[in-house]
Every structure is written in C-alpha cells, then in structure tokens.
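We begin with a single chain expressed as structure tokens, specifically the form predicted alone.
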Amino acid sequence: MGRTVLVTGVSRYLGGRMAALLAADPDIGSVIGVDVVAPELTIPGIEFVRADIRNPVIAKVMGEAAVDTVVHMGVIATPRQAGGRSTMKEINVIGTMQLLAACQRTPGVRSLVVKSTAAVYGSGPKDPAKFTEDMEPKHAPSSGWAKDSVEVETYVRGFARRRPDVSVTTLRFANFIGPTVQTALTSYFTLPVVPTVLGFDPRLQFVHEDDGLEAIRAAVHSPHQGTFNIAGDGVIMLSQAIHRAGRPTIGVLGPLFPMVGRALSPRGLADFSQESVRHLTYGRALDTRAMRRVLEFEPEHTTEEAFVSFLAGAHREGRDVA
C-alpha cells in the first residue's frame, strides 16, 4: 500500500497542480487535498476535504486518513488572495501553527515538506552575491508574506525539534515563473509601462513552475532533513527581462516607486509592498549547491529559460506581452 499524502492550499494554482502530480504518481497511495474552498476545477485522483488549517479539526482529518506525509503549500503570497492582510497573516502563521500541532498529534506522520520562499533572506545593499541556506539575512524582511514566511520557518524548526522522528524538509524557492502560473511578479512584467527604481538594475532569479513542483515531488519521495534553496541556474538583470518582454519602462525615484507602481497597476495585481520594492531595487540570488548535492535535484530550466517560457505562455494567452 502506498503512502497517504495531505496537501494544503489545493484551491490555488500551485497547490492544485502539486496535488494532481502526486495523485498521478504510482508510488503514492492516496492524496488528500485540503483548503477552505473547493478548487475551481476538479483535481483528478484526490480526495478533497473542505477544512481550514487554522481550525484544530485538521488533526482529526489527518488521524482518520492515517496521513504519513504532509506537503504544506498553504502560505499565501499577497493580501489580495486572502481578502486582506490580517486574514492573510492568520492563514499563514496561525494556520501553520495549527497544522504543525496536528502533525504533532498524529503519530503516523513521518515526513513534512514545506514550500517556503527565498524572500526570507530579504533584499538590500549589503547582501552577498549568493545566499546559502545557513546565512542570516542582512536586511531581514519586516512586513508581508516574507515576514510571515520567516515566522512559519521558525515554527517549522520548533516542530522538527519536538518530533525528531519526522523528516522535515523546507524548500526556499526563488520566484516561480512559467507559461501558466500567474503571480504578482508576472503581473509586474505585463504592465503597460514597467516602472523601475532609478539607478538600480537588480539581479533576479527564477524557478520554472514545473521545476518547482518537481522539486517538491522529489522531496516527498526522498525526504531529507533541512532547508534547501531551489532556483534555476543563473540570473537575469531586471533591464534584460523588461527588454525581453518588449515593454516600455520608466525610471522612478525610489521614494516614489510604490506610488507610481500602484498607479500603473490599477487592478492591484502587481505587488509594490515594501519587501517587493526592495527586491526590485536590490535583487537576490541563491546558492543551490545543496539542492544538487543533498536533494540530488537538477532543474531542467535555467532562470533565463524560465523567463522565456513565461513570455511564450503570456503570448499564447493574450496577456499583453509585446
């Protein structure tokens, strides 16, 4: 009999794709998808359970299903997805605490895989050329999704100490990009005019959506204790990315950048929060040697190839990329 995997956040794009990928895996016995709302489209092969991970009832779900592997993809990136910043923080932080408490009370759990973000390193002028997993941030995030993710990782490390019998794998992803995933950053690159911070040309690093999901699947199959950076090889300068996208651009003084950015994104899909602005000012790059050495995972796409695939997908879907 195969393993029983519980995936959180399945009503969102990446969570749903991850659940479908695992359900199609012959080595996985069953997949339980959990979220507060049902996915827009039925995910073949999974059992969907409408449940809020902020509620202790999640422990009952896990116990009754004899879950042995948990894939936590329920951390929300923008307030718009959650319906507001306060709800977003509750889902991200309180939800993770309740999920970990449920894992603590479920003796059959043997593996926990957490989708985290490289945003925990922050962005700033004193950053190293590449962040390794053991480096402390020079400019720690102080707000939004990045700060939530720092708190989530803190609670995950605490759980790992309390349950040393559980293999806990935290994957810090560069920004997801690709032909179908839509994020605040992909929305930024499809603005009619793309604003940049005058005098700065940050290095950006991406992970192709397919590679990111395959990295999670690899961690489910071969659990490894620890934290790992996940990204495609190389970097792309912001100016190069905008040129590739064929977008007109406007340089803006740093203090005015958030205001101008929001004015150019009337639907609010692009993110001009404090942490996003710092990222678009200073950039960030990751050392991925541990990904290859320990996880034995090799992305199929470089950062540049992932960005090119995003442009191709945007063309096909008519997302207004020149």
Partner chain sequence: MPDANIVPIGPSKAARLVGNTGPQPSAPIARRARRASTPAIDPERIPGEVWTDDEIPDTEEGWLDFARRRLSGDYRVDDFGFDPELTDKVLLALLRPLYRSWFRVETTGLENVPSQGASLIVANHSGVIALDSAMAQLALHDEHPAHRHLRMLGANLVFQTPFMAEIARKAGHTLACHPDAERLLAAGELVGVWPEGFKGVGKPFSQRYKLQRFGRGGFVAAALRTRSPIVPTAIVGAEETYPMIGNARTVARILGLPYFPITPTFPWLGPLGMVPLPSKWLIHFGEPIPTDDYPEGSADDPMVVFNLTDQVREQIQQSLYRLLVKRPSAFG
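As the structure is a computational prediction, the values presented were derived from the model and not from experiment. Positions refer to the first chain, counted from 1.
Heads up, the form predicted in complex with the partner chain isn't pictured, but that's what we're talking about next.
With the partner chain left out of view, the stretch that reaches within 4.5 Å of it through heavy atoms in the model of the complex is, among 184-192, 237-245, 140-148, 218-226, 237-245. Contact between residue 162 and the partner chain in the model of the complex is not found at the 4.5 Å heavy atom cutoff.
In the model of the complex, at least one heavy atom of residue 282 sits within 4.5 Å of a heavy atom of the partner chain. Heavy atoms of residue 304 reach within 4.5 Å of the partner chain in the model of the complex, making it an interface residue. The closest heavy atom approach of residue 203 to the partner chain in the model of the complex falls within 4.5 Å. This chain appears without its partner; in the model of the complex, the one residue of 125, 158, 108, 84 with a heavy atom within 4.5 Å of the partner chain is 125. Checking 287, 275, 47, 68 for any heavy atom within 4.5 Å of the partner chain in the model of the complex turns up a single hit: 287.
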